[in-house]
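As a starting point, one isolated chain is supplied in structure tokens, in the form predicted on its own.
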């Protein structure tokens, strides 16, 4: 009797797991391989976290699919003529998911939290020019700046600057309540299994047009693809080019494929020996064929890149230091560093984000062996990797880092002595500090381009990191899902506007 009972339970559970998405009515069923690593929008750095939190929280301004700054919780804004103040007019009638009104007091409290070093806010370095904040009324906010700050507006368009309820800040509940103003409300989060979101009926925007989203964590992307083809899910976030490209030409599943501005990179911590020697870092850069890494790990789905990936500032890679593999030069540099016999380099890589990380590490491992460097790869669960990475607890790391529409906001946290992730970068010098400071205040577009061209030349010559390539952002959907717009930032905010025609 007991065996029969458990058999029935097992059958029911399996049926639930493979039930057609159509059975979910007007709820979008999506799958992805990696889960969020936390609920605090200000401290998260993993892409998997952003893909959930951006559906719950909102910043003052956002980016559209063409990377233009557009209104979000702020309807309008204005820089003073002297560039010393940035004023916002807030959207009225906005409520947090707990029913509290969103006002200027929440903006002031949010940025006080972000600027507090104790918070560990991931994007804090982008906002250090905010000297004080005035709130003359409930719907006006004035940022008083210590110096003109050209990229500040674009820097605000991130989940890392999302608005949170001042009451949650006071109670210390931000990391646990997920109380935003966004299009979806968090109903349940079972880590590494499922997340349930319901539509925010009070959202100020046009939508949502669906009743909610059920997010299923399926670590194997081939299984996600199978579920999509079987119709047990409606929508998938894919990261592995080896899986995504299998959908090219599929008549029953739509593949969305857009060039990414995020970048794959080998991070070398110059704070540890022997990576503290310039010649060693340069030798590593000269020994790596970046196109080979791209071809091996991502089937050539992407382009080799320098430090800046946005079209307006990217340089031709043939202008950058040692972007053609040169083993003779690499060996000469190793000899100059007194390292002709080589050394062992420990490299960490996450096993889920991106799914290409281990293949990238293995390609680098094989190539560096040619100059006597023995690479030991340590594969880590994503949450462990993120903790180690944030603590700077590694010699080298294979990483996928986010791109930004502005060079300063892309790198302020890394390449400034005051940057809150400078310890992760493991390198700083006066030239970098100076170039970043100048790029922040320069208003002439041509002069600003030259500043960040010099920054790229300097970074690739100093080789604190070895930039590899940019790939594509992939999502896939059944024909029943309509109206989704893919973003080069991998954002899923377009799910707020989709419809389901089952």
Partner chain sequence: MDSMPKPPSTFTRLLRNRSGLVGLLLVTLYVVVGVTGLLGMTPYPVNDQHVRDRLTGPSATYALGTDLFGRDMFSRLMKGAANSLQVAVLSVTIATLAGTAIGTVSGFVGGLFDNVVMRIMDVFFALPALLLALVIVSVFGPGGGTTVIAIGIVYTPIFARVSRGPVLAVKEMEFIMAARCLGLSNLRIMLRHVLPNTLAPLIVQVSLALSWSLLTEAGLSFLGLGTQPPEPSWGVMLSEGRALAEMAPWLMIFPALAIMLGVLGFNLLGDGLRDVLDPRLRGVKT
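Values in this document were obtained by computation on a predicted structure and should not be read as measured data. Numbering follows the first chain given and starts at 1.
We do not show the form predicted in complex with its partner chain, though everything after this point is about it.
Engineer: Since the chain is shown here on its own, which stretch among 309-317, 86-94, 280-288, 365-373 would lie within 4.5 Å of its partner chain in the predicted complex, judged by heavy atoms?
Structural biologist: It is the stretch 365-373.
Engineer: Quick one: of 378, 326, 211, 395, which gets a non-hydrogen atom within 4.5 angstroms of its partner chain in the predicted complex?
Structural biologist: Here the answer is residue option 378.
Engineer: If the cut-off is 4.5 angstroms on heavy atoms, which of these, 303, 154, 336, 358, is the one near its partner chain in the predicted complex?
Structural biologist: Answer to the contact question: 358.
Engineer: Check 242, 292 and 296: does every one of them have a heavy atom within 4.5 Å of its partner chain in the predicted complex?
Structural biologist: Looking in the predicted complex, the three residues 242, 292 and 296 all sit within 4.5 Å of its partner chain (heavy atoms).
Engineer: For residue 135, is any heavy atom within 4.5 Å of its partner chain in the predicted complex, or not?
Structural biologist: Outside the cut-off, so no.
Engineer: How about residue 225 - does it come within 4.5 Å of its partner chain in the predicted complex, if we only consider non-hydrogen atoms?
Structural biologist: Yes, contact at 4.5 Å.
Engineer: Examine residue 103 and determine whether its closest non-hydrogen atom to its partner chain in the predicted complex is within 4.5 angstroms.
Structural biologist: Answer no; every heavy atom of residue 103 is more than 4.5 Å from its partner chain in the predicted complex.
Engineer: Evaluate residue 177 for contact with its partner chain in the predicted complex, applying a 4.5 angstroms cut-off between non-hydrogen atoms, and reply yes or no.
Structural biologist: Residue-level check for residue 177: no, no contact with its partner chain.
Engineer: Can you list, in sequence order, the residues from 146-183 that come within 4.5 Å of its partner chain in the predicted complex, counting heavy atoms only?
Structural biologist: Heavy-atom contacts within 4.5 Å come from no residue here.
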